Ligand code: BES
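Only one chain comes next, encoded as structure tokens, the form predicted on its own.
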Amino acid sequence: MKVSALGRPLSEVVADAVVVAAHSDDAKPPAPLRRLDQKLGGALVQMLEAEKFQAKPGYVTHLHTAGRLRADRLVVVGLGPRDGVTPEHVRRAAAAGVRRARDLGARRVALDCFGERLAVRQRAHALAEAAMLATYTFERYKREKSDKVVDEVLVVAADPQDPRGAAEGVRTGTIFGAATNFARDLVNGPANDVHPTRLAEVAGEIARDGGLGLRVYERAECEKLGMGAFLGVSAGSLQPPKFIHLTYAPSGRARKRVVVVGKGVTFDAGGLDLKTADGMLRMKDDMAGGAAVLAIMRALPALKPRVEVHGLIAATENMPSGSAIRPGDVLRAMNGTTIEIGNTDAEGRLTLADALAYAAKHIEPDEAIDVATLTGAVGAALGPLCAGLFANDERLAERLVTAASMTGERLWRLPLVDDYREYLRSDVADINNVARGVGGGAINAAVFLREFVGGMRWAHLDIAATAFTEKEGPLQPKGATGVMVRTLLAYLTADAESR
């Protein structure tokens, strides 16, 4: 999809559909609607009154212009009360409007740059982002594909206070949306195609196209590095493990060095502690954190943040076989910590343990952030719409929550309870990979990971319940969500407070 900014009156825009917004507390239609209504001979206001259109968030209606505009259809979306409009309100309203236009057969859609109490750049960013996210489809494996596709979106900012801001907002919003959709594609892909070798190939394509540094460690090299925990998970699979290290360096002096680590288990059968059939069915999504990291690294060269960013993915499958690790086995992680395997299905934390230890030893970042589909317990605590945040640094946690709030991705901070470390005690090793007979599974997993961060400022994002959805949402269809891509891009570009 092509998204661009356009500075001309809405009534002059040539499109299949034009999308405008109204507020629920307006005594009369806003200026853009009044101008269009004049062109339509009063038909717009007449329709809104006849339908008793309340302009609440999520409300949408449309009419045919009968040739009175240069667009065939006019779509009206609700923004709710004028006060308190946020970028997320703009995103959701735009998404509803673009989807309605698409369903009506529109291929070229114009979006009014609505939400005027926000900065022009904020609005344009949100509108472009929404257009990308709301029209996403995954039809790669289907013979018959939908013929209702939006090819082009125009963000119309006639007489904006900040024309450069409108163009820049569209540019960054398109990058954020495309990155999220890139992650969705990887997660939606089946595990027989999206395996560790494929993730390494994708990393190679990203490095080549974006001028990034890349090192892919093979099994023998991981053995030399002492990655016993990561290699233990991979032991049961015929697929070779790949430890991926991508590096983005800004053109000037970097303000800081950040590591983003993504869990890259491309299929999780549970190992010898085999999952149930239903529990295993969707386990292609267990690399959603790794997909997010690849998407982020792909977007950085275009965004050009003044931050050095290292993307790490310990890519593997977790499969049962005669060579798989067993409950009771002891593995030695890269930092020397020995781990008793209490359950082979608690494998993600083992891969992350070595990735975090690698970051602490070989990169020495100012901050490290891991994103992982780690525990079902986080879903029990927060449900399917909110990811869990753990951090050992207050300022890092605050900045991540701020970034999430501006992108509309929900994060809720959960505690790192020191006393829970006792529940991970092992009789034969330094630590067990699971705590038995207690709740707080998401906390226990985070406490386990903390053993491997060394002195790094660190945050852990548990996206197990939010990475995949069985229900269509305002900004995505069923399937992979690409969660945390936009939040981490906003964080890394230091743009969260201005958009």
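The first residue of the shown sequence is 1; numbering continues from there. Just so it is clear, the structure is predicted and the values come from calculations on it, not from any experiment.
We do not show the form predicted together with this ligand, though everything after this point is about it.
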Looking at 409, 129, 354, 268 here, can you tell me which has any non-hydrogen atom within 4.5 angstroms of this ligand in the predicted bound form?
268
Exactly one of 434, 55, 33, 449 has a non-hydrogen atom within 4.5 Å of this ligand in the predicted bound form; which residue is it?
434
Give a yes or no on whether every one of 234, 242 and 317 sits within 4.5 angstroms of this ligand in the predicted bound form by heavy atom.
no
According to a 4.5 angstroms non-hydrogen atom cut-off, is residue 346 in contact with this ligand in the predicted bound form?
yes
Considering non-hydrogen atoms and a 4.5 Å limit, does this ligand approach residue 365 in the predicted bound form?
no
Distance check, residue 298 to this ligand in the predicted bound form, heavy atom within 4.5 Å:
no
Residue 172: touches this ligand in the predicted bound form, heavy atom cutoff 4.5 angstroms
no
Please pick out the stretch from 268 to 276, 157 to 165, 323 to 331, 104 to 112 that is in contact with this ligand in the predicted bound form, where contact means heavy atoms within 4.5 Å.
268 to 276
Which of the residues spanning 364 to 390 lie within 4.5 Å of this ligand in the predicted bound form, based on heavy atoms?
373, 374, 375, 376, 377
